[in-house]
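In structure tokens, one chain follows: the form predicted alone.
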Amino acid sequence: MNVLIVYAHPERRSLNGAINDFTVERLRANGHHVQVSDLYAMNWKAPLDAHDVRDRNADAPFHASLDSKRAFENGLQSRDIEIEQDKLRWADALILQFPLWWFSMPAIMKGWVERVYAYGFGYGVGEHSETHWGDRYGEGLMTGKRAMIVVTTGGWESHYSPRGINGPIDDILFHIQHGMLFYPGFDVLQPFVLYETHRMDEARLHATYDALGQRLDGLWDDAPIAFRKQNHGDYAIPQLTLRDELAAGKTGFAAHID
């Protein structure tokens, strides 16, 4: 299988760098083909702007979605965007690895999503009608592929528990797992979260490798998160609200998991 790792940490000699090296070695030892998009090493351009479109009319106002659509349809995207899209087409699985900074991914990785998920590639796909509202949330160009987050944080696991001060980790990662991975069609696996990164010794590092290795070994076998698919009857269309008889009494993120 082909695995793309999108990695965001500014220091290769960090814990994240060691985890990334281990991930690549484990996947290759299992016979998989691996590519790594090391965003800091690539000096990845994070902002989505008019420079992402080749041969555009500089006198016309920049429109993020419409310019993205035109560029994608006409082969006018910036070359760095096209290269990353080709990697996603090649990949059977995507791993996003990053430290949790201010309750989300680093800005450089958010910029990767914003620029690579072009109109017609990551969104704006499929028909919009009274019964089908685009190919998204369980459908899309990434259908049949798998995805997983590998994330580190200095906070304690209890800080991210259901009653923890930071909020539940599943809620914090929902916008990434549901909004950036499930949206274009990935089957999303449970995240691998490493807490209290400042308390890492040799024994704990090896235990981390063992736990992560098991997750990597199960990349194609573990059950994905049971997010509800948009166009399969759970949602009223075009309102896109969950049907009243489903998840009775639940609201918020948890209601969108079957």
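Start at 1 with the first residue shown and count on from there. Between two forms, the rigid core is the largest collection of C-alphas that superpose within 1.5 Å. In this text, all values refer to a predicted model and were calculated from it rather than measured experimentally.
What follows is about the form predicted together with a further copy of the same chain, which we do not show.
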{"query": "Answer range among 112-120, 83-91, 69-77, 142-150 for contact with a further copy of the same chain, defined in the predicted bound form as heavy atoms within 4.5 Å", "finding": "112-120"}
{"query": "Triplet Glu11, Leu48 and Gln239 all within 4.5 Å of a further copy of the same chain in the predicted bound form via a heavy atom", "finding": "yes"}
{"query": "Close approach of Glu127 to a further copy of the same chain in the predicted bound form, 4.5 Å, heavy atom", "finding": "no"}
{"query": "His132 within 4.5 Å of a further copy of the same chain in the predicted bound form, heavy atoms", "finding": "no"}
{"query": "Residue contact check: Ala211 to a further copy of the same chain in the predicted bound form, 4.5 Å heavy atom", "finding": "no"}
{"query": "Heavy atom of Phe62 within 4.5 Å of a further copy of the same chain in the predicted bound form", "finding": "yes"}
{"query": "In the predicted bound form: members of 153-183 within 4.5 Å of a further copy of the same chain, any heavy atom", "finding": "Trp156, Ser158, His159, Ser161, Pro162, Arg163, Gly164, Ile165, Asn166, Gly167, Pro168, Asp171, Ile172, Phe174, His175, His178, Gly179, Met180, Tyr183"}
{"query": "Ser158: Cα shift of 2 Å or greater between the shown form and the other one (core-aligned)", "finding": "no"}
{"query": "C-alpha of Glu130 off by 2 Å or more between the shown form and the other one on rigid core", "finding": "yes"}
